[in-house]
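As structure tokens, one chain now follows by itself in the form predicted alone.
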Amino acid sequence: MKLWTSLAGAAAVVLAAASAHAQIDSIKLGTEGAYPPYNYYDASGQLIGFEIDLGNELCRRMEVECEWVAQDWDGIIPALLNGRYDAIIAGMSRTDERREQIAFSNAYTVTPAWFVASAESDLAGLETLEETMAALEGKTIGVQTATIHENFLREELGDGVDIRVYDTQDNLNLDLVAGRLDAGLADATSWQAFLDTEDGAGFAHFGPGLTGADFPVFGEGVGVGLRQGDTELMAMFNDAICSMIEDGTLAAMTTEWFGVDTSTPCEQ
């Protein structure tokens, strides 16, 4: 009798959880659409990228219908808070500053930040952080606005460099190719997508990879951004992310898009 009661109780918990999840049957996903290879438009105008594949697979596992909404990066958090969409999947690093406004799911990828410059510049070949920071003094450095990379430059180099901000990574890359910048700072995987192109062939990254382990401004990996208080949706995303990690799907997906496995351990 006690065993049957225990099993019945456990079944009730499972059914209650399933019922709670079932209350959410459709969600809108906000992304930038201008940050290859994470999220961007192809020549036909179709939204593609690692995070588009990721978001679609997460929705499949959560058994919900999903709609993608493109949003300029500098307004991506305000648009979430205003209800334009329910979650952000846009290469957003989980930082303490952002947690003051929104919540984050488990991380699904962790990658370092790189400095990139012309392979013929005096910056090429620098390896240590100390020599890199010293060599950047007086240089013009490009960075996408409202990012952890901009925050790092302002906190660590400040008035010692000329910081130029861009609305998209693509526009930063254009100025780098045109010679209007000495260097740029962005995520390693985004840079690799540029370095693999014809325009990026004459450029290279220099200095060490920068991570949250050394500079908290870089945060703790990339996760789904959610409104604080959306605990049910948070649980759904966390369960789906962990299932992708545990069955190897996330490792395969990051390897496909980045050329290397950047997936993270399940945090639950």
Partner chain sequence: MNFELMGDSILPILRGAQITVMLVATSIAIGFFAGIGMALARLSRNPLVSVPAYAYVFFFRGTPLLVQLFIVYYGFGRADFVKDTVFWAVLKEPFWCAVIALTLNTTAYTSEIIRGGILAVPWGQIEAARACGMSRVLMFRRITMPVAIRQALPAYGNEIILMVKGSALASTVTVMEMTGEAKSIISSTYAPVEIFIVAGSIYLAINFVVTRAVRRLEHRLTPYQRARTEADEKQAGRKIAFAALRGRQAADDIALPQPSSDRPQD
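Everything quoted here is computed from the prediction, not taken from an experiment. Numbering follows the first chain given and starts at 1.
One more form of this protein, predicted in complex with its partner chain, exists but is not displayed; see below.
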Problem - Exercise: E97 in contact with its partner chain in the predicted bound form, heavy atom 4.5 Å - result: yes
Exercise for the section: Would you check, heavy atoms only and a 4.5 Å threshold, whether D74 touches its partner chain in the predicted bound form? Expected result: yes
Practice task
Report whether the minimum heavy atom distance between R164 and its partner chain in the predicted bound form is within 4.5 Å.
Solution key: yes
Handout entry: Close approach of N171 to its partner chain in the predicted bound form, 4.5 Å, heavy atom
Key = yes
Completion exercise
Residue within 4.5 Å of its partner chain in the predicted bound form by heavy atom, from A103, A124, V177, A135, is V177
Exercise for the section: Would you mind picking the one in D214, E232, E65, D199 that has a heavy atom within 4.5 Å of its partner chain in the predicted bound form? Expected result: D199
Problem - Interface stretch in the predicted bound form with its partner chain - options 184 to 192, 113 to 121, 126 to 134, 74 to 82, non-hydrogen atom within 4.5 Å - result: 74 to 82
